[in-house]
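Have a look below at one chain only, the form predicted alone, in structure tokens format.
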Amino acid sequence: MIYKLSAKSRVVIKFGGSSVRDSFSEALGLVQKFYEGNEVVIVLSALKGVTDLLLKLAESKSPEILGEFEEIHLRAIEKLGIELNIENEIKELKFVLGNEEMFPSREAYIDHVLSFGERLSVKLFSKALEDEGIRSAPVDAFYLIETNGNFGNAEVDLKKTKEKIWTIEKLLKTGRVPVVTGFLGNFNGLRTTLGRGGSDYTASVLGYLLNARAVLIMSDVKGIYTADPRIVKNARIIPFISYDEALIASRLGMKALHERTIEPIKDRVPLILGKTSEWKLGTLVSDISFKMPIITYKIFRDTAKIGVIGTSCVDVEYSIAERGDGYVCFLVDRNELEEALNEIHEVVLNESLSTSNDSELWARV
């Protein structure tokens, strides 16, 4: 599927951790493609696996884990063939690990430690862009994204962040590509994080405040599927999903998007999901719906909640945990999750395919 963007469009592209670590050259190439005739803003996650490593480091303060963190980035620098010094970041990280008591809470300390993943990621990517002849600048979202004080799962203050968006506007006007740390923010001079998958949220906030033509979420999967393709073998890609469907699905556990991603851009900026390694764009989130169901799940201690978005009536023998406008949730034992997901997916998808009407979609296209 190909989506054409008009000349001089403003585009926000977010790359996930797998893209940055495993598909770096493809990510650079995609930026180059969009850079021709467009204003481009990049949002990056940390390299794949680095956030989990930093979480272990924050807990253990282990010199071995710190060395592993440094080595991952030194290998990436060597692989890319770029010249980049990361000594200042490593020194700061060592200082933070040795001075946890200077933070007002353990959560604030952990968020500061976690920030080093994205901060090094943007330095790598920005330098690689420069080496490819594209003027670029790394941007630490600490100086851009204002949040509340909910460390570990902060919410962006759009009004305060809008007052700082001029820093991105200035870079764009000078022909540079801002490479922004996803996942990070600022609360009263302390670093905050936006929760797992928070780089999606960062990208949508910037897309809204910059009045972007589109926000692209690029990762190691093609788009949004009818169910988690790692568990449900017959899951299908969904080409068009409405803002409301995506919003409900992400809140009910869909892994493709952070649960707050849709809120800033709803009814304003289209969102496109794609796979970095193949430049495949698979799903458009807008006011168009393909009328296909989405099956999600959330795992608790001994149970799991399965959500079905796109219908409130499903003929299966599981206990209903919640029902709303256009969705229904079932409660199952955790050890039955995989079997239940496949069963519900088969029932719902067969009903959808036999009754779907795509005339609205074709009329819009």
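Keep in mind that this is a model prediction, so the values were computed, not measured. Note that residue numbering begins at 1 and tracks the sequence as displayed.
As for the form predicted in complex with aspartic acid (ASP), it is not shown, yet the points below apply to it.
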Might G197 be said to contact aspartic acid (ASP) in the predicted complex, defining contact as any heavy atom within 4.5 Å? yes
Indicate whether T51 is a 4.5 Å heavy atom neighbour of aspartic acid (ASP) in the predicted complex. yes
Does any part of A46 reach within 4.5 Å of aspartic acid (ASP) in the predicted complex? Heavy atoms only, please. yes
Choose from 157-165, 274-282, 71-79, 197-205 the stretch whose residues reach within 4.5 Å of aspartic acid (ASP) in the predicted complex, heavy atoms counted. 197-205
Just to make sure I understand: among 102-127, which residues lie within 4.5 Å of aspartic acid (ASP) in the predicted complex, judging by heavy atoms? E118
